[in-house]
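Starting off, we have a lone chain in the form predicted alone, written out as structure tokens.
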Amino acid sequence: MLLHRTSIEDHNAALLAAHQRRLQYLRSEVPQVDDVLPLLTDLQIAIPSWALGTGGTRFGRFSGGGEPRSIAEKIEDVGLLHALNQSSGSISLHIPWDVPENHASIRSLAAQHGLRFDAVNSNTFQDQPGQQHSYKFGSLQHVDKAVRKQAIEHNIEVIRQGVELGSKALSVWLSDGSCFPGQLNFRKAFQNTLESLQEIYAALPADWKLWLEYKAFEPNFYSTTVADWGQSYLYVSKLGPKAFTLVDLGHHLPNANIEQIVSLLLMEGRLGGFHFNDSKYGDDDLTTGSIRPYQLFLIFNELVEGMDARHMNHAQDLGWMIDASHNVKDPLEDLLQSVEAIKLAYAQALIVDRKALAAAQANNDVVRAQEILQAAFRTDLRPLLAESRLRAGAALAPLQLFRELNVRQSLIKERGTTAVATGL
């Protein structure tokens, strides 16, 4: 489905007067909002190909219909999101869930929608049809060298696919670990994993990065071979300067101080990027900002401070991507909400009074420090996000326009009620 330019223009015209009133009031309250606009516009959030269909749990999957049945249709859906918000300018593929048959054609289609290809993601946590060796007891850590070799070759193949698409990063998440005490020799598992990663790292093109994701538990429940940020940091430090830690917001034990983790990884130059989502209990993969919006803001507060301290380009030097699974929402509506929440937290972090905060910290003025952060968090910057979209040619209210145009109904009419997204 293509979104006609006139649909956005008519939508914006109807909302423009009210938007300008809200923006004028915001400018009177927060003088620096216009300085924030360019940074806000530049930040693009990658959409994962597996998030465009209905997710599921062990208990069921409830499709809403009209799901994308091919890579081409997934690109069209991300293109639709990007047309609505001008903030979703890239797509991240998971291989072998999404393997292009014609790379040139797929790249051309993406370009037509104003999209590029973000990191490519490998998969050694599932057995695929025709696969010689099983990953039941691990992949890069496996006691059998033949299994490790198979997993290494898969990652190298994913790199090759990414090169054809114009990607610049390989994202690796391993489910390797153990479920019971005594099942695994921790030291040998670490050594096997490191040696496997070293072979993959050696295959990286000169301008590529490797992002190593961690997760505290699941599907293994006694140990995970890359269980936390410290273990990921240990691996990437041993690999070399092109290796970085990837932070998934849902991959931590309860009440972990993610903002402190982010700060330290950034300080050490080993933060690669993010998989954004939200959670109440574990790796819930809920809409970003739907459960812990203040934590999301605090993470961005550390990011802005840390990136500026290292003179980094906010939009380009880290990877920004959503990683969510939608079971009770329209996936496209959920992604629109997540992108909005991410950019809102970023905007709030950008207006933090850094000089005043540094002075409060230097004087151990705990109350003042809290007030400074909460003042930024409680400032309604949604008119600023809307202005950013307006200037970029997007919709003032993307979710509202999505519903006004009956996008899901159009996709169902085009693809059918039983269409199931490839991959997850």
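One rule holds for the numbers: they count along the sequence shown, beginning at 1. Computed from a predicted structure; not experimentally measured.
The same protein has a further form, the form predicted together with another copy of the chain, not shown here; the description that follows concerns it.
- The partner is absent here; in the model of the complex, the one residue of 37, 43, 390, 375 having a heavy atom within 4.5 Å of another copy of the chain is 375.
- Think of it this way: in the model of the complex, another copy of the chain has a heavy atom of just one of 202, 328, 111, 99 within 4.5 Å, and the residue is 328.
- None of the heavy atoms of residue 31 is located within 4.5 Å of another copy of the chain in the model of the complex.
- When another copy of the chain is considered in the model of the complex, residue 126 lines it closely, a heavy atom lying within 4.5 Å.
- Another copy of the chain in the model of the complex comes within 4.5 Å of no heavy atom belonging to residue 318.
- Although the partner is absent here, residue 215 sits close enough that one of its heavy atoms falls within 4.5 Å of another copy of the chain in the model of the complex.
- Using a 4.5 angstroms heavy atom cutoff to another copy of the chain in the model of the complex, all of 57, 306 and 365 count as contacting.
- The stretch in contact with another copy of the chain in the model of the complex, judged by heavy atoms within 4.5 Å, is 333-341, chosen from 155-163, 333-341, 78-86, 205-213.
- In sequence order, 399, 403 are the residues of 397-417 having a heavy atom within 4.5 Å of another copy of the chain in the model of the complex; the partner itself is omitted from this view.
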